[in-house]
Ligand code: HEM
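Take a look at this single chain, the form predicted alone, given in structure tokens.
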């Protein structure tokens, strides 16, 4: 204990760590009506940390070569001690991350937390959400299984519907006319190098925005009042709020353990939810499976393309929806965030989820 105190005193005399810890833990006040939906960010951070750890361990044995990729994954599953556990955790966690990303985005939309002055927080989070989907797309091909090969073929083929530049985009994504060694190399480089660096940088900016602007109060209860917007910057203070630690950290930790418990249950008892039989067969470019459809988080894009008479119209509709969502804070300028006071938005919100 004395050694620990001496070390803290040494750091405190040079960096003022005690003041820093107090200002960001006990002295940092959050709204009293904060709920479990605010813990989704902490859950995502925990799962992302696990994802980076398991990904690094998988990289030790994975070989990014079309002739060896599937065999290296098979070796990880069958020969490397606890390799099956590391891979299952990586696969299941990636799906849970997407699920919690959707929940996080839906909760922000429902509570109107994207509104001014949190436009940059929303934009950075929206880009992070899409980067998470790209993470899954690039990682999906790496096992070089029959399912991943043909799912990537279908996904990249959709870009060919874009006029003028469609064929160029398809060849650019694949590194050639068809999915092959060049595609695997590009997706591998994106998945393990380019995307992680960009993601971590943008995540840092997103967290900075959250901390700098302040946590928005939940728009529920009689005590809630719409925030008066000003031209100058103001930190969202909650002078009658509760300390971040231990009041909120306990809630965050409990929800993180709940998410980890779900991860463990799926990993040990139902991993085939995310690893179907087609994922256990090596890729064969000459045999097309009877039923190929994307993963559940891309299924909505697949269904939208089937609704419209042409791929171009389907892609245009999806691009329009995503573009509107990106600029939503600049369109919805009213200070009101209570769902009961926003019937039109809530109706569109519920219809969008239902469809």
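Residue numbers count along the first chain shown, from 1. None of the values given here were measured: they were computed from a predicted structure.
The form predicted in complex with protoporphyrin IX containing FE is left out here; the points below concern that form.
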Site check 77, 140 and 279: each within 4.5 Å of protoporphyrin IX containing FE in the predicted bound form by heavy atom: no
Using a 4.5 Å cut on heavy atoms, which of 72, 113, 267, 227 is close to protoporphyrin IX containing FE in the predicted bound form? 113
Please identify the residue among 203, 190, 159, 263 with any heavy atom within 4.5 Å of protoporphyrin IX containing FE in the predicted bound form. 203
For protoporphyrin IX containing FE in the predicted bound form, the stretch among 271 to 279, 105 to 113, 146 to 154, 162 to 170 with residues bearing a heavy atom within 4.5 Å is 105 to 113
Can any non-hydrogen atom of residue 96 be found within 4.5 angstroms of protoporphyrin IX containing FE in the predicted bound form? no
Though only this chain appears here, would residue 210 touch protoporphyrin IX containing FE in the predicted bound form if you measure heavy atom gaps against 4.5 Å? yes
Is residue 118 close to protoporphyrin IX containing FE in the predicted bound form, meaning a heavy atom pair under 4.5 Å apart or at it? yes
Can you check whether residue 41 is within 4.5 Å of protoporphyrin IX containing FE in the predicted bound form, heavy atom basis? yes
Restricting to 114 to 128, the residues within 4.5 Å of protoporphyrin IX containing FE in the predicted bound form through any heavy atom are 114, 118, 121, 122, 125, 126, 128
